[in-house]
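One chain follows as C-alpha cells, the form predicted on its own.
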C-alpha cells in the first residue's frame, strides 16, 4: 500500500507528526508495535507525574496542621497509586488512538523495518507486508541505557535491578531503594519513593545532581531532599551490583550500600538498531541520527525526530520537531529553535529551566550578569507555604541587555517557565519586558520582581 508519509514509531513525536500530516490532508500511516504514546505516555512522563502528584498530596496530608486541619492515621496505598496510573494511561492512550482515527491516519500495529527505496519511494516492511511512501519520518524513540557494570544483568534477571519501565509497575514499596544516576528520571523516582517511606540513596558519578541544570539550582534541590532523608553519593563510580546492594568507589575507597531494589537511571539510548537505517546510508552520530534544524537527515525526504536524533531528549522537543518536519514536507519554512526549549524536573519543589546557565554562558565566553531573588518575593508562594530556600535566577547578556537564561526552583515552575520562551526566542530587551503585566497574586510574579532588579 502506498502513502504520502509513513511514520516509524507512535510516541509523542510520531503520533503528533501523523496527526499534523493527516490534518493537512496527507495520506499517512504510523507503524507502532506497542501501545500508542511511546515511552512518555506509557512508561515515562505521564505515569511518573501521576505518581508524584499522589506523593505531593500525601505530603500535604502529613503536614495538614500547617494548613489549618488535621488528618489522623494517614496511610499510603501504593497499589492504589499504580492502579490509578494504569487507568490514566489507558484513558490517554485511547485518546491518541481516537485522534489518529479523526485525522484519517492508518495505525499499523507492527514492527516497521526500512528496506531501502523502490521506484524512488521508501519501502517499509511490517509483519511481512510491504508499504511505500514519498516521505519517511523516523520516530522510534529510545530505551533505558544499561551500562556493562558487573552484576547488573544478573540482578536485572532476578528483578532486583529495574528500569523506568518496571519501577512504575511495582506494587510493593522497597524498604531500601538505590538509584544509579542523579538525572531527571532518577531524581523524580527518588523523590516519590522517599515521600512514601523508602530509604533512598542516589549514586551519581558527577559531583552534582540534575546533569546540565544550573549548579546553584541543583544544589538547592539536593539540600532540600537531603533534609527529607535522601542520601546523595556524588563523585562515585558504581563497580558492581549484587542481589543485596550496590558497590561503589569514591576517593579511592570502596563502599557498599544496601538495596532491596536498584533503579538503573543513567540515561537513554536512541532506538535506531535493527530498523534498516543501513539500507538508506543514513548518517549517524553513534546511535543517534544526524539531523539539521528542519529535522532532515542526509537522505532527501527522510526525517528523524524525538529521541532518535538525541538533540534534546524531551517529549515536548519531539512535539515541536514533529511539527517542523511536517511543515517542511508541506513546503512551509520552519525550524526548531533548540536554544529556547524549556525543561522541567517534577520534584517538590519543581525546577523550571530554559536557555543558558551560568556554567554554559561562561564556557561560551558570553559577557553576562546574574539577577536573582528568593521566591519569598512572590506573595502566593509564601501564602501556600513554599520552601524558603527557593530562588529565581536570570542570566542576562550585558551587551544586548537581553535575557538568555532563566532557572527557577519553586512550586508551579513547570507552569510558568513557558513565559520565558518568547522572551528568549525574540531576544527581547529587558526594558521592554518590564512593561509586562503579571496577574497578582501568582508565583510567576517572581519573574517580574527579578527583572526589575536588572
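Residue numbers count along the first chain shown, from 1. Source: prediction; values computed, not measured.
The form predicted in complex with a small molecule exists for this protein as well; it is not shown, and the discussion that follows is about that form.
* Asked: Pick from 175-183, 317-325, 376-384, 221-229: which stretch has a heavy atom within 4.5 Å of the small molecule in the predicted bound form?
  -> Correct option: 175-183.
* Please pick, from 268, 85, 296, 261, the one residue with any non-hydrogen atom lying within 4.5 angstroms of the small molecule in the predicted bound form. => Of the listed residues, the single hit is 268.
* **the small molecule: the contacting residue among 92, 102, 206, 196 in the predicted bound form [heavy atom, 4.5 Å]** => Selected option: 206.
* Asked: Is residue 160 a contact residue for the small molecule in the predicted bound form, using a 4.5 Å heavy atom cut-off?
  -> Because no heavy atom of residue 160 falls inside 4.5 Å of the small molecule in the predicted bound form, the answer is no.
* **the small molecule contact in the predicted bound form: residue 156, any heavy atom under 4.5 Å** => Looking in the predicted bound form, residue contacts with the small molecule do not include residue 156, since no heavy atom lies within 4.5 Å.
* To do: Would you check, heavy atoms only and a 4.5 Å threshold, whether residue 188 touches the small molecule in the predicted bound form?
  => So residue 188 counts as contacting the small molecule.
* **in the predicted bound form, residue 149 touching the small molecule (heavy atom, 4.5 Å)** => Flag for residue 149 set to yes.
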